[in-house]
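A lone chain, given as structure tokens: the form predicted alone.
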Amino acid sequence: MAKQISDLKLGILGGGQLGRMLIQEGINYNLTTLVLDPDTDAPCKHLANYFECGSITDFDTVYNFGKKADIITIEIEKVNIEALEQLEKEGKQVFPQSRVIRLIQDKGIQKQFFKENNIPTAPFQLVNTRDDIRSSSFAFPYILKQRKDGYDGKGVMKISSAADIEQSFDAPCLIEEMIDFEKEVAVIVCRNPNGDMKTFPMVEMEFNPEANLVEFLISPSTYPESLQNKAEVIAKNIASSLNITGLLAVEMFVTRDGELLVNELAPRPHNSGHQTIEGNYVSQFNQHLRAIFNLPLGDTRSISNAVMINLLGEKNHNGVAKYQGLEKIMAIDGVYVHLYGKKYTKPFRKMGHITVVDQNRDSAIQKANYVKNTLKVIS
């Protein structure tokens, strides 16, 4: 008889909020979880069956940690790929596969993959130095992205003039045409080793312009069904081309003329899927576990309209976190609070999220606006 999920040990590289929510789902399956994270107070620390404080980018640390697990997954892409490749050679299952993480770690390789596989994306150019940027023929303004280690708005710059180039990254980068887009949307697709695939309904994102982080996420989208179907087809094509096992978040722009352009990929649970915990029949975290343990994929349909609000640390607040207005928002029907167990707050740090579910979309948005204006993370 094949081993059951409760007989296997899941190793998670990264102990942040994504790992925490994955463990919360895994508890329902009696899953044994092992976590590696460099932070002694990582959000996963008290939930994991085994927690190790150590570097997720160091070969020996990742390799030795991985040997303790049956299946290894990630909650952040910045991990030591060589260690994962070695573990795969020795028979360990790594999902997403190390070759997928390697491709997604480098935004340049990711863009070339889009081009080679006819996936619609903004025109781009790869550069290695500031001199390369100076000699680029791209018209201002354009977007400059570091090829590696950028996340949550870090490693991204708008270049509006030659003067901006002098302050730009002097490292391997990607120059991208600035797209005049109407909205950023996302589709999360999940694929198991059998090749079964399911997509979650497309969601719409509203950004905090100052932090360049998703502040508001609305599910499901109200774009025409034809556009939503097109987005789901693009996401499935990418997952098939990558031959990935696990979740893949596909972020896209909807252009002014109604076209879809793929912006970036994340091969793991993603901020654009948090609302699935209460808003869908299966959550993204449950679906990821189903995929990596090669179980039947769940029903991704929306149960209700859902709006997710990222709970960010307030500006000018550094220190032990206090949650102002929590009782007020909890008095509202359909409001679900998720705090990430982070002791200290700092400006724009992700401290939690709130999901508002309501059968009426306008009512859900109205409540979400109230939550956004009422609940504050201060020190």
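Numbers for residues come from their place in the sequence shown, where the first is 1. Predicted model only: the values in this text are computed from it and were never measured.
Missing here is the form predicted in complex with another copy of the chain; even so, the following discussion is about that form.
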Worksheet item: Do Val335 and another copy of the chain come within 4.5 Å of each other in the predicted bound form, heavy atoms counted?
Response: yes
Discussion item. Whether Leu326 contacts another copy of the chain in the predicted bound form should be assessed with a 4.5 Å heavy atom distance threshold; does it?
Written reply: yes
Discussion item. If we define contact as a non-hydrogen atom of the residue within 4.5 angstroms of the partner, is Asn373 a contact of another copy of the chain in the predicted bound form?
Written reply: no
Item to complete: Examine Leu47 and determine whether its closest non-hydrogen atom to another copy of the chain in the predicted bound form is within 4.5 angstroms.
Response: yes
Worksheet item: What stretch, of 298 to 306, 98 to 106, 252 to 260, 81 to 89, brings heavy atoms to within 4.5 Å of another copy of the chain in the predicted bound form?
Response: 298 to 306
Discussion item. Between Asn294, Gln112, Asn208, Gln228, only one gets a heavy atom within 4.5 angstroms of another copy of the chain in the predicted bound form; which residue is that?
Written reply: Asn294
Response to the item:
Those residues of 64 to 96 with a non-hydrogen atom no more than 4.5 Å from another copy of the chain in the predicted bound form are none
